[in-house]
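Starting off, we have a lone chain in the form predicted on its own, written out as structure tokens.
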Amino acid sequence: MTGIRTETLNVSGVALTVRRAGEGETLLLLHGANGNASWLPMVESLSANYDVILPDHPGFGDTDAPGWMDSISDMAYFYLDVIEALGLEDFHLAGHSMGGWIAAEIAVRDRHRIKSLTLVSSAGIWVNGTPMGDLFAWSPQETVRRVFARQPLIDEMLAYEPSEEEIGVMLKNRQMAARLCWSPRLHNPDLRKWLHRLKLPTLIIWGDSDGIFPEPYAHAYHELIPGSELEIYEDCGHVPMAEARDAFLSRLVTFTGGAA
């Protein structure tokens, strides 16, 4: 992809790998447990409207984990240091899946620099009566079938043969995700108590066929975050950026453009 540069930012003893592209208002993207694969195909398109920043979380991709990074709370405080180190002000924050959970944890702690928040298929809360999918129990093939809703994309993903290097990164990501999210699985029991603090423009985006966090999770977030907006795409799974790309991009640009 053209126009994307890779930088290293040293923060709190971590050599953080950061991909950056574009100009305009800053959009900080936080990836999920699979690494930056869900966001990376969007960076070039997003860079037409934003100064896009996409880090590899500590323990994921090209960034190594410090010994003290043991929880999503640690990750949230780390990113508050990153935001300060980058000198970000009035920036847009968007997180997918585990990255949405991190984004919510950041914003409940300190929202004053954040202009808007977008949560995409986010982990972080538990909905009684609606079990979430167990990423740590599924085979790679079952994961693909649970993550995506549309058969052509499922077939494409099942047919793809990753390189040895890609397999190594996938294993690294999975190990770190387990370290952060194993118990309790993919949520913080205390987070829902503090989501009322998100008094900033917030957009919640979901797929109606999400096999990891079913649609009731979207409505729960919407009810818990005052004044939030909710967008649900039909025939769409856990990665709206892939299965509803054009609608997703248009909605995000419109929403951030209207954030006061």
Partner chain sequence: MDFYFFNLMPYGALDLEYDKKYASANLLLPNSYYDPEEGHKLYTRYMDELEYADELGFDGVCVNEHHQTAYGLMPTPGVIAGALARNTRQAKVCVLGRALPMVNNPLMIAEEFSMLDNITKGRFVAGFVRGLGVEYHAMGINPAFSLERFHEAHDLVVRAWTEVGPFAFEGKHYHLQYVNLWPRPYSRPHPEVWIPSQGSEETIRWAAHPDRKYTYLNVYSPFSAVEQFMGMYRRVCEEDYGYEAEDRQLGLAVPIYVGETDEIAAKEAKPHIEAFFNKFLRIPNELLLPPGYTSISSLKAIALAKREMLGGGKTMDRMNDLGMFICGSADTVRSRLEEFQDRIGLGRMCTILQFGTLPHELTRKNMELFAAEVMPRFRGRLRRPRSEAAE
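Positions refer to the first chain, counted from 1. These numbers were taken from a predicted model, which means no experiment stands behind them.
In what follows, reference is made to the form predicted together with the partner chain, a form of this protein that is not presented.
In the predicted complex, at least one heavy atom of Glu164 sits within 4.5 Å of the partner chain. Contact between Thr130 and the partner chain in the predicted complex is not found at the 4.5 Å heavy atom cutoff. At a distance threshold of 4.5 angstroms between non-hydrogen atoms, Arg174 is in contact with the partner chain in the predicted complex. Contact check for Ala178: a heavy atom falls within 4.5 Å of the partner chain in the predicted complex. In summary, among the residues Asp70, Glu44, Glu215, Glu234, the only one with a non-hydrogen atom within 4.5 Å of the partner chain in the predicted complex is Asp70.
Comment: the partner chain is not present in this chain, but in the predicted complex one of Tyr77, Phe91, Trp126, Trp138 has a heavy atom within 4.5 Å of it, namely Trp138. Picking from 186-194, 91-99, 139-147, 152-160 the stretch near the partner chain in the predicted complex, with a 4.5 Å limit on heavy atoms, gives 139-147.
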